[in-house]
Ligand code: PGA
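Presented below, as structure tokens, is a lone chain in the form predicted on its own.
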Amino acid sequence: MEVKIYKDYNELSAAAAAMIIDCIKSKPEALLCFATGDTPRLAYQKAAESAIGDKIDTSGCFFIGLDEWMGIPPTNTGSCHWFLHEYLFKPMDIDPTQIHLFDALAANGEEECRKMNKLIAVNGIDLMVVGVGMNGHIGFNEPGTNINSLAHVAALDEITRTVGRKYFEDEVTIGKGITVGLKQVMETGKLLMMANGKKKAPVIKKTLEQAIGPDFPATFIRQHKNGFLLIDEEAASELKTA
């Protein structure tokens, strides 16, 4: 794992966007997995601008979503489905046949997990972008999740439920999530974990200084063979070496 510290959110986002585009250029048939949230939004916008502006061929790529809030329809502006289409897939003009996202309204969540597991097993993930939760979660791999987990439906931690409400305009119940598993996160070809702002400084400190383990899943990135922790100076402000 390598830690990269950038001056601010804009530089951080530009660097992440460049890594996404480099992956597509180097492997036109790449499988890419994307998280949602405030942190990666600008990176996706910059990647889309670059792809369109530089006429980069994305027609051979395939895209999957890291996770989704169970029970939330795709039209809800707080859903991961809506976010990825709004900030990445539509601006990048990605064909729907190149996208596979979890169906949060599926009657059988386990079947949704099997579909995602099969897709990942056949293709392998070349690049994954993740954030890091205030409780150290990656996707909805909450504290206590087994490192060997595959895609699964997860009961959401209270911190996740509390923080997650900010994405929704209306009052919603978010008790469960569906997510790619930690084993799949750790086996991805290149892992980009992003964090920005002073509020994430304590989280980044734990990620890099706490004992590696399921109590704080983000710590596992330190064992990733090709992992990159991309943070701005504010998020790095509590590190001993910052």
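From 1 onward, residues are counted along the sequence shown. On a predicted model such as this, the values are computed, not experimentally measured, just so you know.
Below, we refer to the form predicted in complex with this ligand, which is not included among the displayed structures.
Only one of G181, P40, G177, P217 comes within 4.5 Å of this ligand in the predicted complex through a heavy atom, and that residue is P40. Interface membership of G131, defined by any non-hydrogen atom within 4.5 Å of this ligand in the predicted complex, is confirmed. For K90, no non-hydrogen atom is located within 4.5 Å of this ligand in the predicted complex, even though that partner is not displayed. Not displayed here, this ligand is kept clear of K118 by more than 4.5 Å at the level of heavy atoms in the predicted complex. At a distance threshold of 4.5 angstroms between non-hydrogen atoms, K166 is in contact with this ligand in the predicted complex. Of the candidate stretches 32 to 40, 54 to 62, 184 to 192, 201 to 209, only 32 to 40 has residues with heavy atoms within 4.5 Å of this ligand in the predicted complex.
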